[in-house]
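Given next are two forms of a protein chain, the same chain in both, each as structure tokens and marked structure 1 or structure 2.
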Structure 1
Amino acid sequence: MFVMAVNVVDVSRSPYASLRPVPLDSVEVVSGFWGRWVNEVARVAILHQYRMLEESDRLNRFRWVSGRTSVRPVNSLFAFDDSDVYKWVEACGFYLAKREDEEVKGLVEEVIDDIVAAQEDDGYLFTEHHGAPERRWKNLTFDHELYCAGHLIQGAIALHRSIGEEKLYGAAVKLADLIARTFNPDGIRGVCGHPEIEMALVELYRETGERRYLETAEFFINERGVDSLRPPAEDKLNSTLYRILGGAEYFIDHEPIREMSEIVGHAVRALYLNCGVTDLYMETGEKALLDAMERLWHNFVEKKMYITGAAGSRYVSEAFGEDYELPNERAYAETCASIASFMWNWRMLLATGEARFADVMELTLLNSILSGVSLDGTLYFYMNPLASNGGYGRSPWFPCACCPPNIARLLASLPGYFYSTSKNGIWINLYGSSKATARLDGVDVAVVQETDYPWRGEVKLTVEVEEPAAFSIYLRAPGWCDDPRVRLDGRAYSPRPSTYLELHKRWSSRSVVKASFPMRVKTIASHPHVRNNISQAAITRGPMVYCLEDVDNKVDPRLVAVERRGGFRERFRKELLGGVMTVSFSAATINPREWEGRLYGSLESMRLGRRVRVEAIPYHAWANRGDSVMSVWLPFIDYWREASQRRRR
């Protein structure tokens, strides 16, 4: 049934990639933290989302235009709703790569029939403009035709790789051929208002070897950055919307990609575009592309990324703000943007082999991505704020439902990110109880991880070979860890954080590598230009960001002040939130009575209230027990204590 080498990004033949993924069908996440997410939650999410696709009329869009139903869809609101179906299809493709699940397979086959029946004779497939050739490609700024096509292509490739599906794959190739004939220097010179098609076409090139798909992707990237998406002045409605959203910067059409140094605009658009550009680099080796990606990456992680790894600070335009503009309660931090960042950092890791990209992947995955889905896989966040006054919770679906199927496809594909290979050996990118097999210079190598990561930092790695062979194991020393330690054959290693430690030897039979990444509770400050976090601190432990939720504490989290030496105690609570490591600490409260009847007061008059002991939970698990008040950033007690001491003097 299965077609081997199910890669999310197949750079196995890309000449400028430093690493090659170990395909997800060669990796088994067996237990532990990730076992539940990959093996249980992903399936629940897929089945739940199928019901939502039915109830929201997204599937009926295809049936209506093809004549397979006489019931007009009324619940689907947006021209780009086709893409939610395609992302769900992609999730099924990754899920079926490892499982004989007849229910999921039957559902996706029915959906494929509905999609393909809606395709027009020349390959065009976009339900919003079905049967109206005069509307095709006329409003690239807002219509999302190419965006939807990109998601269709990616979904078809996932199924083609996992179960050898040909029907949807043939439809995707037919649509891609139409796009390649239509968009080129002698045809339409335009780009899509929402990048996505670029990385899809590169992946189709990798799947087929047909260079026209790579050339079309490069065409779209080269055409971007000249304000071509600005609607004509006579189009009053779209011109006004264009200006309100932020103009060319919002669409990442303000500057050629090779000249960019600041990441701006709609966060998902910007990060999806970067995925496509990095893909193009791995095929062409054009240094200017990688240089631009490096500049944008540094601008993002050093000036515009939340402590959770989230991206996008502004509700207006779902956009990046200025440097250091990172509000907490009003953080937009869209789930899709976090997933897009994960996807981009994965490509940068494949391109360079540098551990800093895997560090951001891990941070984002464990915090701002997992926060986007409930522990049971049926409720979702669109925005992921870092503070809440209550009244904000997850939903089973959204009118604009891009995030839920994005979560599903990432969880289903997650095993494919754990390991990579190079000509010299195997790379361990992410930690979790798992098994992987890879072939190095004709020798089969099996790697088994045993660990309670991310709750504890001990990792046992067993390496088995079918015959003696010399190669390297590259073990990522996480950037969050101050004192990583590794042992092999009685020798101790102390790698630098945020690097890959190379362990080279002639491996024979069975060898054991033991790694220890001590997880200490830390109080973290942000750059002083992040004005929202002045005199505040956040709590982290290992790769996890923590928060206070009022359901766990008898005091309002907004009035809790943390200190450097808070007597932090760690405890794994199996009964809480599916099993989480909590952090409790002694803190002081800010006395609310000091502020009764006034909005402002002198710093010298401020007094701390009573001391309390509070318990923090991993940020990703908040809002799983109903409505709550929550905060990641807490007032820093030393600041308030200093004010009180000044008052006493």
Structure 2
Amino acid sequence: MFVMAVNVVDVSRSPYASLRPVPLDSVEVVSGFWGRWVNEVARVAILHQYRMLEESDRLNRFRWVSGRTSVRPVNSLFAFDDSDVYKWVEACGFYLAKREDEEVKGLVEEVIDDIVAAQEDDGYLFTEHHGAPERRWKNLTFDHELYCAGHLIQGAIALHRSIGEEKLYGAAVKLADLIARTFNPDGIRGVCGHPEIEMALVELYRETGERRYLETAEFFINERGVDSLRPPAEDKLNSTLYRILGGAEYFIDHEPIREMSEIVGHAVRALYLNCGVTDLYMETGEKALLDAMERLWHNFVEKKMYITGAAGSRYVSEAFGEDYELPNERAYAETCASIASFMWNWRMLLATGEARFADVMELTLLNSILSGVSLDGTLYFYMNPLASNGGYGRSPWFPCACCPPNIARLLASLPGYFYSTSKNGIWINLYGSSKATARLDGVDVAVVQETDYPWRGEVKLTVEVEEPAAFSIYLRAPGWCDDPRVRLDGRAYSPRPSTYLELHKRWSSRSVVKASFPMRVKTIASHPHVRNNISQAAITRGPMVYCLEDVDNKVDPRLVAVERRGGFRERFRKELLGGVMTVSFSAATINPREWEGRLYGSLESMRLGRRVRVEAIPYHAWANRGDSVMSVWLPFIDYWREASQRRRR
């Protein structure tokens, strides 16, 4: 094994990063809630997806163009299908960082051979246009050439960092060099319809130290927003497609990045672009970039984010809607968009050291990201709606298969997000049983988390040092927690929610920090401008959002209404869904009988039926028992009475 420092985002030398990640190979997540996801599920997903890549002809695309197969890959439909392979390779890269897994290693090496064999002499690598130089870079709007290149570069970097892989890495560098030669002020002035290359090039700059990659990333960011992606009017079909999808806004090409104040367009595109912009900021320190990111973040979190952390309100264009446009059944909430938000918030956390970004990471991870994969790792969601009338289930793969390998690379890299360091100490970003080691001012420090998080809010943190040293432990007080409590050396702290509590002292040998983040069942409302949630409540407990699924209940979740007197009872059910904390309560039911055959009627037709006891499960675990009827938001029948009692007179 190498001496490694495997980071997803390696800002260890970035001048404008506030935090440095503790590399994922320095973190062990072996037990507890995350142990299963990071180890078992990630492996199952990687092996399952390998079979899918074969069956769906994704690998055969590469073999076909290089002549390694003579069977035309008819099951792969999209120009961007190469990227599914690259993301899977990236997942393998992170997965192999700490594990000797010959099966996975063998598979990824074969795949690398197939990929590299498809590279053209000058470095070009995009199977859709293989051997057709006249088609290169001609349809930047829709072709996804640079998008695929970005994923190739990220995949190659992951393997390079984790197992010192050189072959794919060399191919990626060669492609990046071609891109840098091609796109610049004296070359093609254009950008990719789907952002992604930006963050990949910044990362390649970090890996190689070659400034031209950073400059190319900056070029793409600067060229964006000048309407260069609009197809020529005479190209009627592409023009129609462009218009239907939402025009310049869909491509985040409607306005220069530094001027943006509203997050719009295709959610994954927008959030990947923000990753690249934040990465660029950490290298250049240009304030206008961070200011724009702050504006977009506030717009996102305060007006466009689902309570599960998900992003994207609109079908077809897979896009952000207007402020407060957050439909539940028709939430698009693509798994990739949640992952993209996680990736962006991670970069914002690294840039600023502010806990609010880690709060969004946690929320998104535990709810709208985990909902994207079945508990066993082999079935996926593309959309993650907040309510379902049934008929929507998980799939082992998709014709457009961006989400499954995105989940795999995230799970495989997850330990890399738990901890970070600054010059003053170690930061605990995410909670879960784990162990991290880091070197601070020449002293090796080990931090061990023991906790039943996210089911219980007690965290025991053991800090061990080789030799006494003064530094700080920064402990995130989660934003969802009203009364965080921390104890160290007999002293009690009550940090403000959504901040990092700094515990500074001279640590010697072994110290124990005890944190308590009481998890209470809450009923949450949304801003009154979210009209479809008016008079409804969502049930949360700690960082988890809950939902009612029909399989657990005798009544259709769409006919359940929460009452204040419902008496919430929490119970850990280890036999259910791999072990989950459920929340049960007594609920009112809506009697639908008066409504048969009618869509509209007198208010008097609304009547309540008998009370029932219902049981809610964590949202992320829904749809693991077949198609179901599900709802996160539930009518809250004391809503107006309580709001009236609080009337301002």
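The term rigid core refers to the most C-alpha atoms you can superpose between the two forms while keeping them within 1.5 Å. If you're wondering where the values come from, they're calculated on a predicted model, not measured in any experiment. Here, residue number means position along structure 1's sequence, counting from 1.
Looking at the condition given, the form predicted in complex with a further copy of the same chain, one finds it describes the source of structure 2 alone.
In this overlay on the rigid core, R607 has a C-alpha that sits 2 Å or more away from its partner position between structures 1 and 2. With a cut-off of 2 Å and the rigid core superposed, E55 has a Cα displacement that falls short of the cut-off between structures 1 and 2. Here E40 does not count as shifted, since its C-alpha moves by less than 2 Å between structures 1 and 2 after the core is aligned. After superposing on the rigid core, the C-alpha of R598 is displaced by 3.0 Å between structures 1 and 2.
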